[in-house]
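The form predicted alone is given below as one chain in structure tokens.
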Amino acid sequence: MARPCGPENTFKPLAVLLFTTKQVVKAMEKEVAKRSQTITPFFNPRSVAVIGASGKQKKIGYVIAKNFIESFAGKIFLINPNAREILSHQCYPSLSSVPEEVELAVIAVPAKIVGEVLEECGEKGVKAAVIISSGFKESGSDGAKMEEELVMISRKYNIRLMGPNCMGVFDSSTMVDTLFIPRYRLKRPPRGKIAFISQSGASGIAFLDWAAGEKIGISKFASYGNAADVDEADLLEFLAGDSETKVIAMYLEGIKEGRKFASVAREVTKNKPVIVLKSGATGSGARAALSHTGSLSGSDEIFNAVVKQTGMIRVYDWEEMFDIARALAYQPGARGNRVAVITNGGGAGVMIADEIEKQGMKLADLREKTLSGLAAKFPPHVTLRNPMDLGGDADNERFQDALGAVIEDDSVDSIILVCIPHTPSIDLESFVDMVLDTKGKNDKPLTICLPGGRVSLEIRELFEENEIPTYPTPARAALSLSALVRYGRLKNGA
């Protein structure tokens, strides 16, 4: 006999479905958390062994050992069978002779003995290993065979591998630093909110050097090289759950597992912006990628489709990546594409207007209430329509009034402030404080354009220290703001 279709029986299957769905979601979350936990020892280990540590200053093993001794708070074990002491630190002849547990091993020995060293790591119970050594898949068929052996050993002992042929890891909080570039040649960036993943070690170093020079903070850096085990998707998934990371930037030459990467990226971009710079788009670039990290770069058209489907932001050079990363790290996503421009230079305002349209945004139509209120305060030569040209005689107070008014205007989603700081009416000493005080905690994103040389650079640095992204050209300011518009659209499901 059929059951009656009353309310109870109508909703019961739905309740079962919802319960089942919740169970699936929880199971997936647990699996993600479990996978991410295997990456944690690379960035936050309790103990580290530097295998191949050296007392010779020009050796990679010397630089890595020095990095850890100078700043890592955990336990450090240096491994070299031919030395008793390096940098006034005890040295062990082998990993097996270390009397304590080791979580992370940094391996910098010739390729031919890496397998033997990794086997010893497995027997010791090491959880993760960064293999700095090169001479594997990127070098040809013999190297590829050796790399396959490393993977087999890692699976046998459940060791996560980063590399081989990589720079490894830098964490600005724990000060895990496997970068083999001396700190006097490469300053490490301060702590910040941007994480950077790079398949290429050299490209990663360029990014770090730029960040340090511009005083832009990073949270974590990882150069994973040949991706024998840990790949771009693993790191992306880990950083999605990292509380110190707000923005993830990536340099890719190829993708190891396309479906896995797309699936992870689609989930990550729901909560954090992901910026990607991918090379190997041309035939020449693809061949270069193969010889560099042994990576197959794939079709650029397919990659563009993946970017669009997953909500990532693709960039095409280092400057673009750097500009957009700090905008996303410092400012909230925009609610829409309507931009107000405030400037004390008419020509700069026209240039900004062009760039806004090129980037798919539009000038906001300011409310009459806004315009009439400012007209009562400003002299007749001020152009109130957007872009708002305050005139070459504009002082801090005029900028303050204009900025405060457009912040309150609900027809404005974001703001670009353009200042020519060389004019005598601008009080340079208090201009930054004025902007910060006026903006307050308002959630409308703001980017600043300060054209010029020495004077402008000094003020740009002050704004950056206070998390207001600031640029020397209209094009860069507008491009960075457009990323905030795109990410805001993604977050709002538009």
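From 1 onward, residues are counted along the sequence shown. Since the structure is predicted, the reported quantities are computational estimates derived from the model, not experimental observations.
Here the subject shifts to the form predicted in complex with ligand COA, a form of this protein not shown in this document.
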Contact flag, T438 vs ligand COA in the predicted complex, heavy atom cut 4.5 Å
no
Under a 4.5 Å heavy atom criterion, is L239 part of the interface with ligand COA in the predicted complex?
no
For A53, is any heavy atom within 4.5 Å of ligand COA in the predicted complex, or not?
yes
Verify the contact flag for V109: yes if a non-hydrogen atom of it lies within 4.5 Å of a non-hydrogen atom of ligand COA in the predicted complex, no if not.
yes
Looking at ligand COA in the predicted complex, do all three of N82, S133 and M167 come within 4.5 Å of it through at least one heavy atom?
yes
Looking at 122 to 130, 109 to 117, 213 to 221, 145 to 153, which lies within 4.5 angstroms of ligand COA in the predicted complex, counting heavy atoms?
109 to 117
Please tell me which of I60, I459, I426, I468 lies within 4.5 Å of ligand COA in the predicted complex, judged by heavy atoms.
I60
Interface residue in the predicted complex among G201, G345, G192, P387, criterion: non-hydrogen atom within 4.5 angstroms of ligand COA:
G201
Could you pull out the residues of 324 to 354 that have any heavy atom within 4.5 Å of ligand COA in the predicted complex?
none
